[in-house]
Every structure is written in C-alpha cells, then in structure tokens.
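Form predicted on its own, single chain, as structure tokens, below.
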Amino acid sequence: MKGKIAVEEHFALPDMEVAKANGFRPEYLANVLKRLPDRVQRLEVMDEVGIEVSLLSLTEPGTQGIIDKKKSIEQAQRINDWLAEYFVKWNPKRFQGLGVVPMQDPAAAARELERMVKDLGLKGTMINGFSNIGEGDEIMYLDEKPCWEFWAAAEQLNVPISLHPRVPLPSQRRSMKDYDVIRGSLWGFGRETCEHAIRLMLSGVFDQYPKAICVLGHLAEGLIFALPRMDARMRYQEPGTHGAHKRMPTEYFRDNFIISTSGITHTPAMHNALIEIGADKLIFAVDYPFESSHEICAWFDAFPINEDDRLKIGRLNAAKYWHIAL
C-alpha cells in the first residue's frame, strides 16, 4: 500500500544521550543510534516501503526522567523547537511531529502543548510513561489530579495523547531479578504501560474529559485481551474500591483509546484487535528505527483485510485524529 501514515516513529537530537537497553547486539544498537537523528536515510526508507508521512516522537524516556521542573520545561521547549525546525519545516509533506511536555509541572505541560500545536505546528505529544518528580519512587502518573489540567488542554486542543512505554521503576523489578533483559521492550514496557492505562480508566479522568483520546502502541501491549475479564471481576467488587470511574474499562477503551500496530507482524493478534475495536480505532505504525520498516510494511500490505479497512488503518484514521492534510 502506498501513502501510508506511520504514527510511532522515533527520533533523537544529535547531542542527546540515548538510553541503551540491555542485551541488544552491538550492531543492532549502533544502527538504531545512527538512524535516530537522521532524516535523509529515513526518507529513503519511507520511499521504499510506501510511507508518505512519518509522525515523529522522541525516543524514551523523553523528558519524563528529568526531575528538575525548570530543566524539564527548558528541555521540552528546546526539543520541540528542534523537531519543528529540523524535520517538519525541512519537509512538511513527509514529516510531522509529536512534541514532548514537562509533566513534572502539569500547568507548564499544558502551556507547552498549546505552544507546540498553535505556534510550532506540531500535532500533539507523546509522553514516555510516568514522570519523575523526585528521587527513587517519587513519580507521577497521568491519572493523578495535578495532571487533569493537562488533559483539559488536550481535549480543548483536540489532540490525542500518545502513551509510550517506559522501563518500570527499580522498586518494581523484583520479579525480573536475574533476567534484566525483560525490563524493557521484551516485557517490562508492556506491563508498565498497561497498568498506566488501567489507572487512567479507573481514575474518572475520561468522565471529566470525555473527548480526550489516549494512544497505545504495540496493539495496546496486549491489554485489549485482558479488559473483558476486568469488567467481569468488577461486578463482585465493593463500590469505591477500584477508583472513581463511572463506566467499565472496556467502555473507556472503546471510546477514549486508539491503538497502533507499531512493532506488530502477528496476523492472529491483528484479527483479534479488529474484532474487539474495529478498523476505525486502529492505526498503522512501524516503531522506526527500532523495528524494520521493510518487515512491518510488507506484513501490513499483505495482511488479509478488505481494502477499505486497510486504507483506514494505513492512512485515513491517522489523518483524522492528528489533523494531517492529505
């Protein structure tokens, strides 16, 4: 399929220190680090695989790991200015951007979201999981009350909030002892993101801001298949023991979440996702440069689906949610 829009494609600034996950082969890691700040080879690959537009986002942990509020605000502004200038203005027909926000200061994050959308022309933001607000376990999730001001801004601006995985806190890794390799994308990423998304569903934030949209990658990290059991078990729970929400998790998932195919080439999982949420809530992504654009695109282009739905998933849904002119 030509004309695809890919919505979870990562970058890094040339002077940025990028987290190096455990266990990766040196040649793979070197290739990723080389491609993160590159735009020329990235564009060549897009041409080869039929991607018309890449929606770029900062690789993890983004600005979420910066404890100092002032520094997080300054870094977010610097990164967003660079993204808009280096990628988007350089080739706006092929590159669009998701900026970063300093969630250590939710009010500042709301202001920066407005600035990046209205002044820089970026399409929204990707947040790399929880935000560090102190040493150790002092963190903040997006469902916590100080962050609701930020959700209000996102709803008003009508931009989705992409939630990217992050390595779990050291205090949450006891089950991974002696198996450090599973802290990241092998397992820990998905576990941390699923729990973050569940917190959002149970918090009541989507009752307060019903038009807010959260984006989950990697077919929602498998969460889509666990939610029906959550609904079923909640029937036996005492009221008030599982948050301030007014509806069941699956209802929020269908109304307030969209999911991307980033990193996925598993046909049965894709079919199940289509059955659960339909083609209108699925969006194509590669997860470049951590995944192979050639492999992901070859799978998606051959995936057995009617062509109207392929067009929705591969192009039209992204254009609608992120206001990308076709």
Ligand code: GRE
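All of these numbers come straight from a predicted model, not from anything done at the bench. A residue's number is simply how far along the shown sequence it sits, counting from 1.
The form predicted in complex with ligand GRE exists for this protein as well; it is not shown, and the discussion that follows is about that form.
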With the partner absent here, would Glu52, Arg94 and Arg315 each sit within 4.5 Å of ligand GRE in the predicted bound form, counting heavy atoms only?
-> no
Heavy atom contact within 4.5 Å of ligand GRE in the predicted bound form, the stretch among 41-49, 57-65, 294-302, 276-284 | 57-65
Any of the heavy atoms of Phe189 lying within 4.5 Å of ligand GRE in the predicted bound form?
-> yes
Is Lys123 a contact residue for ligand GRE in the predicted bound form, using a 4.5 Å heavy atom cut-off?
-> no
Ser185: touches ligand GRE in the predicted bound form, heavy atom cutoff 4.5 angstroms = yes
Looking at ligand GRE in the predicted bound form, which residues in 1-17 have at least one heavy atom within 4.5 Å of it?
-> Glu8, His10
